[in-house]
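Only one chain comes next, encoded as structure tokens, the form predicted alone.
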């Protein structure tokens, strides 16, 4: 069986785990990593033997055209990075996590993907992503009711990236703390740039869309080395729904998981890269994708095993 050829764009917290997940997938092959020119030659261990290239053009010249690219850069760069590949007719998968902008992303990427006869899958993480699928299934099972999604306690990669981008911040990590009823607080540890104050940085973080809706605490730590001591990759979710099935009330559903955040996000993205080769041109989220398209193996064998 010919393997699906994929590439990785970016080698941050998610990118290195994406490479591992591809390596563990018998039907997939990583043909290279595209990253910033100044980063070439670093993180050799994280590359796991994959070649690294400063541009898509150089990757294609050396290894050929990938069937799918996994976009492992911050969400605020996702549309630009997705477009780079889609315009070359290459499928993309990203873990875009700005919930209120996902519908707009689907519309904009859908136009580009259809015109270039390829597939884009956006918001392919665990939330948004697989949690979105559980929310959809919960609603199908209990159409009238209320769902609470409670995250953490754990590190949020999207919020951490947003905090690191704040003026005056040298490094940062954001911890999500569940309050209950689908509400959360944010505990942000920051390493300040020289001459910056914690008060000014906290004001900038509080004004950012990632943080403006939740209770916020910002603490300063002296160095990135000390930041690593609180930079736990564990995370989780408890999703609960109560409501009615038909005319029968008091139905209670629950889904609970505790995970390594970047590793699970990476695995979901790799499964979506597989699905991208089985879908018609356009842009999709995970609630659009048949579960069987995510799995390695043929449809009838999977039906016999899982249904």
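None of these values were measured; they are calculated from a predicted model. Numbering follows the first chain given and starts at 1.
Not pictured, yet referred to below: the form predicted together with a further copy of the same chain.
**Student:** Since only the chain is shown here, I'm wondering whether residue 211 would be in contact with a further copy of the same chain in the predicted complex (any heavy atom pair within 4.5 Å).
**Tutor:** Heavy-atom contact with a further copy of the same chain at 4.5 Å: absent for residue 211.
**Student:** Even though the partner isn't displayed, in the predicted complex is residue 291 close enough to a further copy of the same chain, meaning a heavy atom within 4.5 Å?
**Tutor:** Answer yes; at least one heavy atom of residue 291 falls within 4.5 Å of a further copy of the same chain in the predicted complex.
**Student:** Does a further copy of the same chain get within 4.5 angstroms of any non-hydrogen atom of residue 186 in the predicted complex?
**Tutor:** Contact check for residue 186: no, nothing within 4.5 Å of a further copy of the same chain in the predicted complex.
**Student:** Is residue 130 part of the interface with a further copy of the same chain in the predicted complex - any heavy atom within 4.5 Å?
**Tutor:** Although a further copy of the same chain is absent here, residue 130 would touch it in the predicted complex, with heavy atoms inside 4.5 Å.
**Student:** Could you tell me which stretch in 216-224, 177-185, 133-141, 77-85 has residues with non-hydrogen atoms within 4.5 Å of a further copy of the same chain in the predicted complex?
**Tutor:** Partner-contacting stretch among the options: 133-141.
**Student:** Give a yes or no on whether each residue among 48, 255 and 271 has a heavy atom within 4.5 Å of a further copy of the same chain in the predicted complex.
**Tutor:** Yes, all three are in contact.
**Student:** Within 4.5 Å of a further copy of the same chain in the predicted complex, counting any non-hydrogen atom, which residues from 98-116 show up?
**Tutor:** Going through 98-116 in order - heavy atoms within 4.5 Å of a further copy of the same chain in the predicted complex - the hits are 99, 102, 103, 106, 107.
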